[in-house]
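Read the single chain below, which is given as structure tokens and is the form predicted on its own.
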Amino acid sequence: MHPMEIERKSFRIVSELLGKLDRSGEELEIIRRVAHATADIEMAKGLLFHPQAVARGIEAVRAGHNIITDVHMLEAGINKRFIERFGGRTGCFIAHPRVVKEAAANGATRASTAMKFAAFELQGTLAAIGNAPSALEELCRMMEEEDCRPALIVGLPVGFVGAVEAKARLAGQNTVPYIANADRRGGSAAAAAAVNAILRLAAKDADTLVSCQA
């Protein structure tokens, strides 16, 4: 089969398995892409959306803000063509020498230390967590104690230790919009799919705006 036909068939199957969901069209697009990337229909159905999540994410992308990730695997999965179109870039600091040194000195995870290191860059950005619950916990602490305000947090870390608790902490606040879920499932592929869906929606909105103004 031609690659495009494989993709079209995959999305047809995903739509059939998802069935009818009481979600907005934009939220459904994110759900479809997460389901397609993970083959986990039930996880995709269970995505939690802050009421302003999609709108704030699109606004941040179109304003040229960056996307900060917890791990390089997630960063690699983000479609650079879309974000660079608006002047933004991706960033991940987990391997930065200062992060590595500080994490070792403090007995902390590099992922959580990287969030602290990125504090200034996180203001107004889209933050995506797909691997490390400790990164999401630290980000929530920064929001509560240091007035850290990303435009949107995609909080989908996977794991048996701390993932459920970190997501509950994220969903329990109403200051920063988020996309998350309530169980231990998640991962870099799921988070990247959610981010890429927002990037596509931002590009679609921009194209529509240009067309209307032409």
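Numbers for residues come from their place in the sequence shown, where the first is 1. It should be emphasised that the depicted structure is a prediction, and the values quoted were computed from it without experimental measurement.
What comes next is about the form predicted together with another copy of the chain, which is not displayed.
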inquiry  = Does another copy of the chain, in the predicted bound form, lie within 4.5 angstroms of each residue among K45, A171 and L201, using heavy atoms as the measure?
reply    = no
Candidate stretches 83-91, 121-129, 107-115, 138-146 - the one whose heavy atoms come within 4.5 Å of another copy of the chain in the predicted bound form = 107-115
task = Would you check, heavy atoms only and a 4.5 Å threshold, whether K9 touches another copy of the chain in the predicted bound form?
result = yes
task = Give a yes/no on whether G159 approaches another copy of the chain to within 4.5 Å in the predicted bound form, heavy atoms considered.
result = yes
Another copy of the chain contact at T38 in the predicted bound form, heavy atom, 4.5 Å = yes
inquiry  = So in the predicted bound form, is another copy of the chain close enough to L21 to count as touching (4.5 Å, heavy atoms)?
reply    = no
inquiry  = Using a 4.5 Å cut-off on any heavy atom, which residues of 1-32 would contact another copy of the chain in the predicted bound form?
reply    = M1, H2, P3, I6, K9, S10, I13, V14, L17
